[in-house]
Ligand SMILES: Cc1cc2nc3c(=O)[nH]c(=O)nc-3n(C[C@H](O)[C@H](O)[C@H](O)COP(=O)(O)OP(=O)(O)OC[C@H]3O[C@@H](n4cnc5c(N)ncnc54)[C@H](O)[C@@H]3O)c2cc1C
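For reference, the chain that follows is the form predicted on its own, supplied as structure tokens.
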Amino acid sequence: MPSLIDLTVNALSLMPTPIMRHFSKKYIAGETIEQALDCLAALNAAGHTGIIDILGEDAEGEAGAREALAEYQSCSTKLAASKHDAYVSAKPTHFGLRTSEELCFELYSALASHCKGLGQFLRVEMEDHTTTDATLRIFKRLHAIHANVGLVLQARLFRNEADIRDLLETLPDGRTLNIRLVKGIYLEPGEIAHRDYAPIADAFVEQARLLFAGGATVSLATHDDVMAQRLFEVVEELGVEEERYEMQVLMGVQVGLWAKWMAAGRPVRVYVPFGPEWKAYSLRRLRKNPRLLRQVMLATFRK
């Protein structure tokens, strides 16, 4: 039987597009790279660096994946020309992972080379557990030949600590890891992942400690100030250099925390998603974040 959240989100999906766009604009830059660059300009002016993500996943066959690559190459070129402080981040299934692992590696490698020529960094994102093994294999191959790539890891997965140890132990000579550590938005089965707050937070903190101890640069992606204070204690305890960590946040979420962290000398990088797939992205975020869904519903009734 569908949950109340699913029923509510399904009802919202029937809302006229202009109204949906009104409610989503706080969290999504728009449909075009120009709109995303405008958002980045404002963020940079406020002291925040950025991440550009073209919304999309599960590309339709090889043609769809190659189209996504072309869009990312154009995006990174325009980003470089803008001089804004940001990098690009892409999902494996957007680059055809479900079609072919080899195709996905080829497209990531092409984008990594393109970004390197522009002096840019590239982040390989992590999706649900069905893609974890393939994403790790692709990243290891990429990292062996491209120094400008990093990875996302999800703390809620039971396997994540072992994956971190493996990545640290199998680093190519002269390379260091650059990891965005997240709690993980995917509600994975209880057999393979933590589902409650306390164990997820504990896993996040301990995995951050392991990464820092292993010499990694770590982007701490969270909007949880209580957990952030625990992470700052780890940073101080281990004497982590300023250039080896930053906070990462989603556009429009818990903006008050950004100023608090910045005032305390903690750099904050903002994830700026854009693209024609914004509506599907919005509905996924509402379905997976009941708190955000409540905020949208309250705004809807006020409207």
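Just so it is clear, the model here is predicted, and its values are computed rather than measured. For every residue, the number given is its place in the sequence shown, counted from 1.
The form predicted together with this ligand exists for this protein as well; it is not shown, and the discussion that follows is about that form.
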Next on the checklist: Which residue, Leu142, Leu136, Cys75, Val152, is the contact with this ligand in the model of the complex, using a 4.5 Å heavy atom cutoff?
Outcome noted: Val152
Checklist entry - Considering this ligand in the model of the complex, which of Cys104, Leu211, Leu122, Met126 comes within 4.5 Å of it through any heavy atom? => result Met126
Next on the checklist: Partner absent here, but in the model of the complex, which of 105 to 113, 162 to 170, 78 to 86, 181 to 189 has residues with a heavy atom within 4.5 Å of this ligand?
Outcome noted: 181 to 189
Checklist entry - Applying a 4.5 Å heavy atom distance criterion, does His223 contact this ligand in the model of the complex? => result yes
Next on the checklist: So, Tyr197 and this ligand: in the model of the complex, are they within 4.5 Å at any heavy atom pair?
Outcome noted: yes
Item to check | Val249: touches this ligand in the model of the complex, heavy atom cutoff 4.5 angstroms | outcome: yes
Item to check | Residue contact check: Gln35 to this ligand in the model of the complex, 4.5 Å heavy atom | outcome: no
